[in-house]
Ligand SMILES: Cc1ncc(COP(=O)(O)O)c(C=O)c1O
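Heads up, the chain below is alone and in the form predicted on its own; it's given as structure tokens.
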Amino acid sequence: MTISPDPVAGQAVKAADRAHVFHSWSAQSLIDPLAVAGAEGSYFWDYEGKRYLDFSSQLVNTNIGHQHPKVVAAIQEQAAKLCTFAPAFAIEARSEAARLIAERTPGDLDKIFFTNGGAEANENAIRMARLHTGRQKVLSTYRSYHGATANAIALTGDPRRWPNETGVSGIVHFWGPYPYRSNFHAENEAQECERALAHLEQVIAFEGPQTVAAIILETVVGTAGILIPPAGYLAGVREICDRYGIVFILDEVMAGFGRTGEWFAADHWGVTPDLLTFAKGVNSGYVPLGGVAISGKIAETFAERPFPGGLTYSGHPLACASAVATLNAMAEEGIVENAKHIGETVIGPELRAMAERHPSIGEVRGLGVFWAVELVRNRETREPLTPYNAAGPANAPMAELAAECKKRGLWPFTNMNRFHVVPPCNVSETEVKEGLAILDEVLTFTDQHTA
């Protein structure tokens, strides 16, 4: 990669951003966005010529890294052929993208409804479930994120829900399994699974099973902690849904398309939902795309009954062409297998070794290239390094950790008291070791806050 510093251009980009761009999830006067000049593979760089190893995959979506040449070429070729066309028509790129996705989804999830992203995918999955069952309530966990549109943010369990909540959404939250911080006083994973399922059954009983349309879970909880479900949990939820006629939705927006070392995280546990939502890794976000993979029984509901939903850009040709190229590249280059290998042989062992050296590491957990390092002040009490949803001075230790990473050329993904290790799925062993060496170095700063 060739990096040519151009500070003057960078200043102009930054000035225009600060004058006109309104940034998401931000207090506008308190942020200082980095002006990015370019990116390639697992790296990006600024106009000063400083290069960063992307351990965030941006928003955990650039699964095939930046500027993959096969995907860039596919977008260019599609643009020359047909830039856009309405969803009501059969378009080659759209049909092929749907076929390739359906080929990889578990079970009979063979129909694909395209959206522009993950939030819209969850919105439409909820709509399908409510119409299919004739019920209104939807259950989701507190530790979750499902998107920022109306129903999706109501489904979300994390604090981003609070300022957006209407209180009349028909959404009910419950506790999912989290062995390290068990809400069920469990002593092991088997007990955590058993008690979490019993809790869910109780919530359903008190809400009225006949009123519950769907249960939605992130197969592996993403931003809210990279929480791996204990063995038997997803199968247990599947059984509960079958028993009460509830639609089971798995949100694979972040976990899907190789992130966990399988095409879909559900493949780890052999569980098939009724609806599966996706986005992000389907085309690494090169052009906005998401969707819902739909089971036969739910698709049948709309065989002669119109589905009352749609989007102008559903199945956009440029987005679908990028998905086709992405899925083919992932298969040809063994990218899913690489993610699994990197997780098992590099990230997992290295992080566990770090935990032996750093008293601020409470727990390490993950699959593939989807890992969390949970930071604590005290290993015995498991007191988090920073309080839940901390901001300002209370979040100083995590802010310092992120700043020190950036100084050393590592772009981190931090959330609350966690550092997430989420590089691209095609990251190399050398690149991962480079990033983990930086993390090992900066964790000495968090160690200073331990008792």
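Note that residue numbering begins at 1 and tracks the sequence as displayed. Note that the coordinates shown come from a computational prediction; the quantities given were computed from them, not determined experimentally.
The form predicted together with the named molecule exists for this protein as well; it is not shown, and the discussion that follows is about that form.
- Taking Leu109, Ile342, Ala119, Val292 one by one, only a single residue has any non-hydrogen atom within 4.5 Å of the named molecule in the predicted bound form, and it is Ala119.
- Contact annotation: of the candidates Ala129, Val212, Leu351, Met254, the single residue with a non-hydrogen atom within 4.5 angstroms of the named molecule in the predicted bound form is Met254.
- Residue contact check for Glu218: one or more of its heavy atoms lie within 4.5 Å of the named molecule in the predicted bound form.
- A residue is said to contact a partner when one of its heavy atoms sits within 4.5 Å of a partner heavy atom; Tyr286 fails this definition for the named molecule in the predicted bound form, lying far away.
- Interface membership of Arg259, defined by any non-hydrogen atom within 4.5 Å of the named molecule in the predicted bound form, is ruled out.
- Shown alone here, Gly147 lies within 4.5 Å of the named molecule in the predicted bound form, counting heavy atoms only.
- Between 182 to 190, 312 to 320, 294 to 302, 139 to 147, the stretch whose residues reach within 4.5 angstroms of the named molecule in the predicted bound form through a non-hydrogen atom is 139 to 147.
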